[in-house]
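Quick setup: one chain, the form predicted on its own, written in C-alpha cells, and binding and motion questions come after.
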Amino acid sequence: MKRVGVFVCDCGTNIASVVDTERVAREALEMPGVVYATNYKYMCSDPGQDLIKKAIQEQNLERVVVASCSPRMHENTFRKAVGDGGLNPYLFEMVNIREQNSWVHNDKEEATRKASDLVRMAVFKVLKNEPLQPGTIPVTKRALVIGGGIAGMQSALDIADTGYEVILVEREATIGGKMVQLDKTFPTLDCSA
C-alpha cells in the first residue's frame, strides 16, 4: 500500500471556526494508506509548505492530500511543494474544505463530518494516481474557417492579420453567403455587392 500524508489547513479561522481540523487529521490516520496526518494554521504559507516537504522526506510519503481552500487558488502552490519535496507533483490531491464546506455550514459537527468524507474520497483517489510528466506538442500555426459568408470572411481576415495562415472553405462557387442575395444594406443603403 502506498504511504499517504494528509495535511489539513485551518486557514486561520476561515476553516477552523467551523471545521474541527484536528479531528479531521486524527480520522485521516485511520484511512487506508495514511501514515501521517496533521493540521496547520496556514498550509499555503512558507512554513506550511516546508511542513509538507519535510514530511515527504521524513515519513517516506508516496502520495499527498491537502485539505484547504479552493484548488483554483493554491493547487499550483501545493503541487510545487510536493515536487520540491521529491515526489511527482501529480501524486497529490487537493480537497476544498473552505468554500465547499466551512463557508456553507453553521453546524460544526456536520461540517467536520463532511470534511472527513471529502478527505477520505481524496485519499482513495490519490492511491490510484499515477506519476505524469508534462509534455509539449508542436503546433502548426494555421486556421481553418468554414463558411465564406460575411462572418467567415471577416474571421479569416482577422486571423490572417495576426500572421497565421488561413484556409477558407465555402461550399458554394462564390463567397459572400446571404449577403450577395441582397440589393442594399441597412443603415447606409450601400450596394451589398
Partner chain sequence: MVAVAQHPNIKMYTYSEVEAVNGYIGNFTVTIRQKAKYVDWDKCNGCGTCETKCPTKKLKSEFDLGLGNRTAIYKAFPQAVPNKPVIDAENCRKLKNGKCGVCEKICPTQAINFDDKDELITENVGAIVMATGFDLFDWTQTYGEYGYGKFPDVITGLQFERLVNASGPTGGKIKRPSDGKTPQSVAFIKCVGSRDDTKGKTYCSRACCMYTAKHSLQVLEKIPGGEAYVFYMDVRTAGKNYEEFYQRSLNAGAKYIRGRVSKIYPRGDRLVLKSEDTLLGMPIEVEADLVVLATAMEPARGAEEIAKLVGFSTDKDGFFQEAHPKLQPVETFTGGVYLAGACQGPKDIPDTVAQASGAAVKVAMLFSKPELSTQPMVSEVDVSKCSGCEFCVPICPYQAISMKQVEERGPKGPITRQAAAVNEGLCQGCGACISACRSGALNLKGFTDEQILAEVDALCL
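Bear in mind that the values here come from a model prediction, so they are computed numbers and not experimental data. Think of the rigid core as the biggest set of C-alphas that the two forms share within 1.5 Å after superposition. Residue numbers count along the first chain shown, from 1.
Missing here is the form predicted in complex with its partner chain; even so, the following discussion is about that form.
Just one listed stretch, out of 36-44, 22-30, 54-62, 163-171, contacts its partner chain in the predicted complex at the 4.5 Å heavy atom level, and that stretch is 163-171.
In the predicted complex, its partner chain sits within 4.5 Å of a heavy atom belonging to residue 175. Within 4.5 Å of any heavy atom of its partner chain in the predicted complex lies no heavy atom of residue 1. Although the partner is absent here, residue 16 is not a contact residue: none of its heavy atoms lies within 4.5 angstroms of its partner chain in the predicted complex. Among residues of the shown chain, residue 117 is one whose heavy atoms approach its partner chain to within 4.5 Å in the predicted complex.
In the predicted complex, 72, 73, 79, 90 are the residues of 71-98 with at least one heavy atom within 4.5 Å of its partner chain, listed from first to last. When two forms of a protein are overlaid on their rigid core, residues whose CA moves 2 Å or more are considered shifted, and residue 51 is not one of them between this form and the one not shown. Core-superposed comparison between this form and the one not shown: the C-alpha position of residue 163 differs by no less than 2 Å.
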